[in-house]
Structures are given as structure tokens and as C-alpha cells.
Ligand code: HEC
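Encoded as C-alpha cells, the following chain is the form predicted on its own, with no partner shown.
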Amino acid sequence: MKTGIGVFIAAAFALGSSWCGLVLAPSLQLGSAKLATVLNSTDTYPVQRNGDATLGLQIYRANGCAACHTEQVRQEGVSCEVSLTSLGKNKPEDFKPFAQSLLTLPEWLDHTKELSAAFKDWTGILPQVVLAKTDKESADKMADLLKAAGCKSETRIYAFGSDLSRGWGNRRSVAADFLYDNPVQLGSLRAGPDLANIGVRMADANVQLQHLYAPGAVAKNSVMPAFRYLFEVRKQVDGATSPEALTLPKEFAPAAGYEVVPKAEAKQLVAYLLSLRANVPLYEAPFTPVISAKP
């Protein structure tokens, strides 16, 4: 009997701890979340969705879109990049020896290969990246050296990673991106591309509708199922095509005299997809803003 009570207490404690860690703590954290401030701006982020987009989130959920798509862009890190933007009174042939002279300085030994490659076949075309994937301290030192040489430079901070190189976003996803999502549709499988920034990548509502009705009409060899039950195939009135009818390639178009028009659910789903625009730099997730320029 005593053993049974002990097992019960231990099991209750384990389950309670898991619930607090996985459910209660995130709920409290997100529940107190506030609007974020856009980097180098007074604007706040995110913007509240309109009614159609809010309804579209529920249609996205009801159709199981999160089973094949994620809404979370990953990144490997953040780094600095220094670009030469103006030579001032210097000439390209005079600047090369200066760049070569940096290779003998102890603080640039770790960048020897990069500096050599940057100016090996350089013909004077600007802007020219001098240092990439470097830390802020090294970037500032290089910018100061270029300024002392009478040149102008620009230092940018940028995020990098496989998701970013695919063009899925400009930065990693953060909690602020999901402030107005209920429920949050993070997803865990990528049978299709990530959608965190699809409102920027595919900003045309008509293309979005075409993609829902006939994925292959927009993305060749797409494995996405067609959501044709969100559309109506109807007979044209007096043989004229209505303004809201989809324009489809011949192989996906309906029979002559008929047209495909989106139902309200299709429009709402597209409104939600267009609202997915994680494209502003935040303090906790910056991307490519100019952080310093040496005139």
C-alpha cells in the first residue's frame, strides 16, 4: 500500500512538472509578451491582422496545413560584413598595395586568405566586400583603417543559415512573430517550404489562389494537394469571365464556358498567408541594417 502511494506521488510530481514546464511556463511567457519595436525605428511589430486574415488562420488550421509546412525560420548565427564603397582620391592600382600591407599585421592573420581573395582580381568595381563573417570588433578596426586611408566603407550586420540562403526569410523567427496567432502554427515537418515570410515571397493574392486550386500551375512538380473544394466551378454568365475568376494554364482550366471562382474560405486563407510577413529587423533578430558607416 505504501509503495503504491509513493509511486502515485512520484508519477503525479513528474506529470505536474512536465505540464508546468511545457504548458504553463510558455503560456505565462507568451501571455505577458508585448509588441516589439522595429530596429532603428519607432514602429511596433507585429501588426494586428484584419478579420479575413484572422478567420484564415482557422481555415489554415482546419485544413492541416501545419502538417506539411512550418512557420519558423532558423539561422546559424549573426555576423558583420565590411564593404569598401568609395576610394576617395585613391586609385584601384594604388589601393591594392595598401590591402596587401594588411596581411603582415598580426591582427589580420586570421583574415589573410579572405583579404587576398578580395583583391586578387579586383578591378576597382565598388562596392567591394573586404571582410565577411567577422565580429564587430574586427569590422570596426577595418572600417577605421579604410577611413584613415581616405576611403569610405559600410559595415552591415547580417544573419546567415540554410533557411535564409533558401530565401525563406531575412532573420530567424522569434516569439514576437506569433503574438497575434491563436493557436500558433509552428509545424514540425517541411514537405513544403517554410511559410513564415510567404506574404513577402508570394505577395500576389491571385497567384496564391492559383496555387491553392492547382499547385502545379505555380510550382512545377509540386507535391501539395489541390484544395479545389475551396473554389466553385460555375458556368459563365453570357459567356463573359467574371473579375474574380482565376486565370489558369490550359491544362488546369475548366471546360469551355466555365470558370473557377474562390469561395469565401479560399479568400480568407489567402488573406492569412499574405499576413505572414516576418520581414522587419528586431533587436533580438537583426538583419542587414547599416550599423556604421565611415565617411
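Predicted model only: the values in this text are computed from it and were never measured. Note that residue numbering follows the sequence shown and begins at 1.
Quick note: we don't show the form predicted in complex with the named molecule, though the next part is all about it.
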item	value
In the predicted complex, Tyr60 touching the named molecule (heavy atom, 4.5 Å)	yes
is_contact(Leu195, the named molecule) in the predicted complex, heavy atom dist at most 4.5 Å	yes
Partner proximity in the predicted complex: Gly88 to the named molecule, non-hydrogen atom cutoff 4.5 Å	no
Residue contact check: Gln210 to the named molecule in the predicted complex, 4.5 Å heavy atom	no
Contact segment among 186-194, 118-126, 96-104, 170-178, judged by heavy atoms lying within 4.5 Å of the named molecule in the predicted complex	186-194
The named molecule in the predicted complex: contacted by all of Cys80, Ala159 and Leu282, heavy atom 4.5 Å	no
Contact assignment for the named molecule in the predicted complex, among Leu246, Ala36, Ala53, Cys65, heavy atom within 4.5 Å	Cys65
Residues of stretch 195-233 in contact with the named molecule in the predicted complex (4.5 Å, non-hydrogen atom)	Leu195, Ile198, Arg201, Met202, Gln208, His211, Leu212, Pro215, Ala219, Ser222, Val223, Met224, Pro225, Phe227
